[in-house]
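Starting off, we have a lone chain in the form predicted on its own, written out as structure tokens.
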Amino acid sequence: MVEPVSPLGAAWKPGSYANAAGVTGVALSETRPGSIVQAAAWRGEEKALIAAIGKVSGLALADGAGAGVFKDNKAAFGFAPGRFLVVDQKEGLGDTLAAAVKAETGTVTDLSHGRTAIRIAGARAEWVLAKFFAIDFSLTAFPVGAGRSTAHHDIFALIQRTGPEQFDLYVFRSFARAFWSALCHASEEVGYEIS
């Protein structure tokens, strides 16, 4: 297996960066999943695609706007009508899912080498993310498993809530270093750790 090189490069500086009060309110990390796959259904084939995702991943994905699930280091969520992001720590999900999705159902695109996965966790995660995106990050409006697609300036981001105080963000690899640096800067107010 080839070890992928992180696009964060010199911007990746593990350590603790407490705020002026000596507090670290969030933890930042790069999760490096083995597979990041986009699946898109043709009109009217959404349920068939959801069934294929469930068969391959073992995730019971609900049919609804932004619905998603995060379980056992696997994730799936809808981010647009008929479009889903499916993530697994194992490699090869793209090929497996492509084999399970019929041509008349939809398409599967492996994005594993084109996206960077960044995790923000902690009691102040919602606060930091709200600096970037005009989204209600409260637990009632954005429950665990749910996903959203949005952008910060021109950096497109897919966001999934993977815990009560945890979010995974998927950004284009080419923008990952700039977004990471901005995220660190935005976290200075609440203090942060990189691990």
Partner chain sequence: MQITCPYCGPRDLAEFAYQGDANRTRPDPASTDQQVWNAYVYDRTNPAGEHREYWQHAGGCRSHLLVVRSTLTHEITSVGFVHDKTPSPARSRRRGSSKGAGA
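Positions refer to the first chain, counted from 1. Every value quoted in this text rests on a predicted model; they were computed, and no experiment measured them.
Not pictured, yet referred to below: the form predicted in complex with the partner chain.
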item: Listed residue (Ala48, Ala27, Ile135, Leu139) with a non-hydrogen atom within 4.5 angstroms of the partner chain in the predicted bound form; value: Ile135
item: Option from 61-69, 48-56, 27-35, 163-171 whose residues, in the predicted bound form, bring a heavy atom within 4.5 Å of the partner chain; value: 61-69
item: 4.5 angstroms heavy atom contact with the partner chain in the predicted bound form for Gly78; value: yes
item: The partner chain contact at Trp127 in the predicted bound form, heavy atom, 4.5 Å; value: no
item: Contact label in the predicted bound form: Phe156 to the partner chain, heavy atom within 4.5 Å; value: yes
item: Arg83 within 4.5 Å of the partner chain in the predicted bound form, heavy atoms; value: yes
item: Stretch 162-189 - residues with a heavy atom within 4.5 Å of the partner chain in the predicted bound form; value: none
